[in-house]
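Below sits a lone chain in structure tokens, taken as the form predicted alone.
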């Protein structure tokens, strides 16, 4: 019965999301909705590393930038279709994520966080000093629009549907991954490295795998962003962006399927509300992280899951006592 209800709710939600462009006549609000979809994809990748394998990373903006720049440069300077440029951006980001992870996964806690911060800053500086190839501080303009089977996604409304389809695909990929043997290995490593190794799990390989997956999610999300707005610059991929991504995952609930989705939607709405206040945004993000750590360590989705599980266990106890 619960599965039937869940499928019904998901079906209704999907229908509602399909109707969004029909309801939101304001192009700016539709752009925000499309960006939320892109951020969900990026944060699902971050959650695989942070929430499921227990590795602290603040380099997601670096993967985001790699996908955006590589897809933009390739689509501008070659005749390769944009969709393949996007996939290449995700694959390149995934490959570089693997290369970064191989020497750094032995590190833990703040040491790993510092390495990933350095990685993100290196990518941003490379973009800043890339000359004509990356446009340096001026960035890259006139990035081609996505073209599929002769249809050009020129409007934000049409691109919204493509992003929505990508969100569904990436959520399915994440669900299948975290419920598989690999996902169980991730959770074992998160809970106890030594115990996971004792049970025969190759801890290092699994950690590298998590970063590799994160890289593809982040890189493809960056490519989606580049071909949506048509312009990218190094400022978009600063450390602040990684902090925002992490805040979204923490608030929604790391290590859950819907946590990053919930956190992304809430923080994106809050971001728009705080636009007039400038740098106050970062103060608010810091406060959110503190509040979540102190009062909602499992985030919104994690806390709700815990309460639901406790209620179910109480019902089972009562039913067993009654019998």
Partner chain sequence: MQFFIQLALGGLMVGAIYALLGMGYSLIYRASGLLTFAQGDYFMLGAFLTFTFSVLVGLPFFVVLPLVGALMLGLGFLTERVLIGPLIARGSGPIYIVLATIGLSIFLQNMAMIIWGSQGFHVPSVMGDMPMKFGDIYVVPQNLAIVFITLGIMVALHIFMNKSKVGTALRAAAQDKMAAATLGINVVFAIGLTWGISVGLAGIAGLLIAPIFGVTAHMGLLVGLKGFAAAVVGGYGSIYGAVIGGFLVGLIEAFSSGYIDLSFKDVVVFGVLLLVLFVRPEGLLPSPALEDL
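Numbering follows the first chain given and starts at 1. Quantities reported herein were computed from a predicted structural model and do not represent experimental measurements.
Unshown form predicted in complex with the partner chain; subsequent notes refer to it.
The stretch from 27-35, 53-61, 260-268, 66-74 that comes within 4.5 Å of the partner chain in the predicted complex, counting heavy atoms only, is 53-61. At a distance threshold of 4.5 angstroms between non-hydrogen atoms, residue 43 is out of contact with the partner chain in the predicted complex. In the predicted complex, none of the heavy atoms of residue 236 sits within 4.5 Å of a heavy atom of the partner chain. Taking the partner from elsewhere, residue 103 is found to have a heavy atom lying within 4.5 Å of the partner chain in the predicted complex.
At a distance threshold of 4.5 angstroms between non-hydrogen atoms, residue 204 is in contact with the partner chain in the predicted complex. For the options 164, 197, 229, 87, the residue carrying a heavy atom within 4.5 angstroms of the partner chain in the predicted complex is 197. This chain is drawn without the partner chain; in the predicted complex, the residue among 80, 137, 125, 133 with a heavy atom within 4.5 Å of it is 125. In sequence order, 115, 117, 118, 119, 121, 122, 125, 126, 129 are the residues of 115-134 having a heavy atom within 4.5 Å of the partner chain in the predicted complex; the partner itself is omitted from this view.
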